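Here we start with a single chain on its own, the form predicted alone, put down as structure tokens.
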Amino acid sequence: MRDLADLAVELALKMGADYAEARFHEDVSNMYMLRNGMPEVAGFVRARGIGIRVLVNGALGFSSLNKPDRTLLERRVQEAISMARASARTRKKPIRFSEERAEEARWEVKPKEPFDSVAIEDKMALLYDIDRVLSDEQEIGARIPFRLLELSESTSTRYFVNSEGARISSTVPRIMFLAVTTVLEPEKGTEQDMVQKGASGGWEALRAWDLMDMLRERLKALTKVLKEGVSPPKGKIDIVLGSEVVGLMVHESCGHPYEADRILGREAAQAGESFVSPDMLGQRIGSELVTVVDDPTVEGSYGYYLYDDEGVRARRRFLIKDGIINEFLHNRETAASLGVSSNAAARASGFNREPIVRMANTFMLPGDHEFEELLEDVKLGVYIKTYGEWNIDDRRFNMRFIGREAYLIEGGELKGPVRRPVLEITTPGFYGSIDAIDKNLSLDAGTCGKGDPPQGVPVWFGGPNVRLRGVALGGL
């Protein structure tokens, strides 16, 4: 299949392509699931094939195949060429790619504990052990009538080649754990919790998460909120947001609207628009304490990669720097449109998907405060540690978050739990009201969706705990 990828580029050039690339993907994944103590249908996926993309007369064409067949390959290359030529006849503005260095490289993540070194029985035993703890009413303090536990492991092997001389090979194993649970307290109602962990690496990453204790403590805290939680104070007050909330907010209100294809309008009919425009680079959007980055090169991260799916070397991207809009996420097409270099944000979820602009690991950089310092001069406020429901408009400007685990702050100290505080705020309002950030960086995993046909890619999002001054809080 690698030889066929090389051949695809050669054939495309002979057929008249101005530029050609081919990506061989082999993705192997296993999934194990337990629902209320009973095993669900497991998933065992094997997918391998080649994606071919060509640039002809200023238009793109894409095709793919999943069989090692030279005759089929020639047909698919011709289909991509024909698609590009047909598109070129209707395009008003030709597509160009930014000039990038063509590199040859091989990189991989080497697991300390490969997935196949752990028996399937041991993997299921872990899920059963966790479920037994969560279903123990005396242990948690309340009934957990719904418990969904999912464990997945995957290995992605890729080979990229283009007509400029780039050749990139990689192998990345990833592991993910997801728990969705519902706490029930008669006459008080229910609260639902969801937590997702993910990393690049082997079974050793899962051992480091200490899942049993983490879930036990989350559900005990949620039980307390359900039993003892009171209505939050309303009106303009100070709010401290936990890293889990901050992570989701920067993903949704900074990562997505800073995707250059979204800024240029391509995503409008698929996932929405962006309130950001190209001329906003250099404008202030938040306090000088705020720096938000997207960094694929964080070792062990769920969104880890060293080269993107266009063969461009990855680096840390500073989306907001000291409160200033600093750069957007680019592939080679959007970079050329805005007269900059690609910053390696092109990702494809599989061989049969084109690479589009995506996030990797998006987070706010930590500050220099201790958590207690965020609280100490708050006369009346709320600490929202985790979120439940959240909404954001398709331009990523107006946000609404409902707290799940939250506590009253009074006289600089944490008091009892409050139930379902509601934070409605604009994106500039969020970043502009931050006046203190602590040292505690925490990151969670997610699967970010985008595109048509849809593509889900692994990401991290997170940040420190932050303090917002004088923002409006509501409650249910």
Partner chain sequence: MELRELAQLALKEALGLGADEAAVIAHRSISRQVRFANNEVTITKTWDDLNLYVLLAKEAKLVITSLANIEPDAIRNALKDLMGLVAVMKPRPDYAPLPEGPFEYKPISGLYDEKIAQMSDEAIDIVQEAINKALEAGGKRVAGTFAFGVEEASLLTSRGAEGEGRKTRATLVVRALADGEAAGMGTTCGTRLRDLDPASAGEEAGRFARLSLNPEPLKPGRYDVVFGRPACAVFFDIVAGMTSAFYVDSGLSCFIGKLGQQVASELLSIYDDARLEAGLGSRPFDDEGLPTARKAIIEGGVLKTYLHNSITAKRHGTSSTANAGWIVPQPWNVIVRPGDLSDEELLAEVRHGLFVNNITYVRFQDYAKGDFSAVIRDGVFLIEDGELKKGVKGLRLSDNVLNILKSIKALSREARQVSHWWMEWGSPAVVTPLFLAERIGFTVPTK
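Model, not experiment: these values are computed from the prediction. Residue numbers count along the first chain shown, from 1.
Not on display, but discussed next: the form predicted in complex with its partner chain.
Student: May I ask you to choose, among Ala436, Leu65, Val56, Leu443, the residue with a heavy atom within 4.5 Å of its partner chain in the model of the complex?
Tutor: Residue within 4.5 Å of the partner: Leu65.
Student: Of the options Glu267, Asp238, Glu244, Glu153, which one has a non-hydrogen atom that comes within 4.5 Å of its partner chain in the model of the complex?
Tutor: Checked against the cut-off, the match is Glu267.
Student: Tell me which of 361 to 369, 169 to 177, 292 to 300, 82 to 90 has residues with heavy atoms within 4.5 angstroms of its partner chain in the model of the complex?
Tutor: Looking at the partner contacts, the answer comes out as 82 to 90.
Student: Since only the chain is shown here, I'm wondering whether Leu4 would be in contact with its partner chain in the model of the complex (any heavy atom pair within 4.5 Å).
Tutor: Close contact is absent here: in the model of the complex, Leu4 is far from its partner chain, nothing within 4.5 Å, heavy atoms only.
Student: Does the 4.5 Å heavy atom contact test between Asn391 and its partner chain in the model of the complex come out positive?
Tutor: The answer is yes: Asn391 has a heavy atom within 4.5 Å of its partner chain.
Student: I'd like to know whether Pro233 contacts its partner chain in the model of the complex, with contact meaning heavy atoms within 4.5 angstroms.
Tutor: Because no heavy atom of Pro233 falls inside 4.5 Å of its partner chain in the model of the complex, the answer is no.
Student: I'd like to know whether Gln196 contacts its partner chain in the model of the complex, with contact meaning heavy atoms within 4.5 angstroms.
Tutor: Outside the cut-off, so no.
Student: Only counting heavy atoms and a 4.5 Å limit, does any residue of 388 to 407 reach its partner chain in the model of the complex, and if so which ones?
Tutor: If the 4.5 Å heavy-atom criterion is applied to its partner chain in the model of the complex, 388 to 407 yields Gly388, Glu389, Trp390, Asn391, Ile392, Asp393, Asp394, Arg395, Arg396, Asn398, Met399, Arg400, Ile402, Gly403, Arg404.
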